[in-house]
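This document opens with one chain alone, in structure tokens, the form predicted alone.
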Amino acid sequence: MNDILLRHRQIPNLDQLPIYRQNGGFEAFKRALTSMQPDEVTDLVKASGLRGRGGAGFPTGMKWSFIDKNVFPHYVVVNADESEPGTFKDREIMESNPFQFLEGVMLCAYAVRANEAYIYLRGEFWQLAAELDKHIEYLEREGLLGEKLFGTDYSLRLYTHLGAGAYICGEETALLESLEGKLGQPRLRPPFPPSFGLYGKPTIVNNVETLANVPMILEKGADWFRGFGTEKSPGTKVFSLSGNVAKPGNYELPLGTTFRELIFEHGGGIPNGRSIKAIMPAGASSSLIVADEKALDTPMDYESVPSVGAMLGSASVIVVDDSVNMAWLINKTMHFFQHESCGKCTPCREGTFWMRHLTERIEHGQARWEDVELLNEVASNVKGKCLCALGDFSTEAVMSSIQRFRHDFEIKVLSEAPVSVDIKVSNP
């Protein structure tokens, strides 16, 4: 199939505005402004079944329809933070197919009656932010952004904003706090951003990949989009494949493609003659899936992945081979989450510290089996008790690895025979 989001791989120089326009670029935006009402754009996106590609999988058109129509101004904020370890899809879209992404932002802004949109980028994307600023300036010169577009009364401005490299700012309310110049810490919800967002006004927050789908949906229609993927998870998805795999990279495939096809057909399988041991389907935030036949044949969509004990999330698929001990792996994830916790919630602040401390002891052969039990207990006391998902994310690999890869921990603890206990862990 031809790519939808990664079209630059088939169309050379698609990052240049003349080439993008030769391939239908900004015709959807022009048609929306001149012949469609904002609610019609929302209804078309809703009919397409497009779901948020940032991790939650929430229906995009439905989110747009929630915006408070009684309070103005409205804002659109793009989550281009992309800080999840193992995720690198948004960067390729913004670097190589930027105008399709920007047109998606512009269509979203029109659909929700916003006249300003902000693209919040992770701090390390400073070069990319500079390029996007040039593209935005070019669009203004060409009359595609600015005042009274295409002879209508609609005006729109786009801005980029760089964060300071904090993972927590990938959470939408912490992102809004950061954008307002405050500490990047999550807000208590409700109220939710569609009613109380940026500067206390109704705001729609969407991921880069989500919005990059919108121009093609406007151009080709909802039924065309539903021709890819599954009934409940339509369209394609950019899967960021990494870890112990021969050909890591971004692969755009229909939702519902199996892990086996992604890893072995597109990713070239496991190098050095090793066997696949586990899969993390959503980056460091993911539960560890035992890579048995059932898991490998599981469709990668929002409904199917939970059947093997994980979530699809942003589809940053990390492959783990049989050379990796899970105690080592979760020690790495806990160093990350403990460092990135904003400290606002006591369970997350204290829990990530103690989980990192315990994983250090286990990894370095200084723990007994009781420490493994304690690690699981600490994780269970963090899960479900925090303002945002970071606390929950920090527990996923820990609890799932103790349950599903028990032997890896048994060989790490001190020589005394481990206590025979059945540690319970709930699926995410």
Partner chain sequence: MNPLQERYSEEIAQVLSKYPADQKRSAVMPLLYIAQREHGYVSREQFAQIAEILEISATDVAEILGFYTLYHDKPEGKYRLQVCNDLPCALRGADQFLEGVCDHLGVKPGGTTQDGLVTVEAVMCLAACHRAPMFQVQSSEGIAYHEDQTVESAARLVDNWRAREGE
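Residue numbers count along the first chain shown, from 1. Just so you know, these numbers come straight off a predicted model, no measurement behind them.
The form predicted together with the partner chain exists for this protein as well; it is not shown, and the discussion that follows is about that form.
Note on contacts: among Lys182, Arg141, Arg189, Lys148, the single residue with a heavy atom within 4.5 Å of the partner chain in the predicted bound form is Lys182. His161 is the sole member of His266, His161, Arg274, His357 with a non-hydrogen atom within 4.5 Å of the partner chain in the predicted bound form. With the partner chain omitted here, the record of contacts in the predicted bound form names 241-249 of 98-106, 290-298, 213-221, 241-249, defined by a heavy atom within 4.5 Å. Within 4.5 Å of the partner chain in the predicted bound form, a heavy atom is found for every one of Glu84, Ser178 and His335. Not displayed here, the partner chain is approached by Arg91 to within 4.5 Å at the level of heavy atoms in the predicted bound form. At a distance threshold of 4.5 angstroms between non-hydrogen atoms, Phe125 is in contact with the partner chain in the predicted bound form. Using a 4.5 angstroms limit between non-hydrogen atoms, Gly165 touches the partner chain in the predicted bound form. Contact between Cys169 and the partner chain in the predicted bound form is found at the 4.5 Å heavy atom cutoff. Using a 4.5 Å cut-off on any heavy atom, the residues of 327-360 that reach the partner chain in the predicted bound form are, in sequence order, Trp328, Leu329, Lys332, Thr333, His335, Phe336, His339, Glu340, Cys342.
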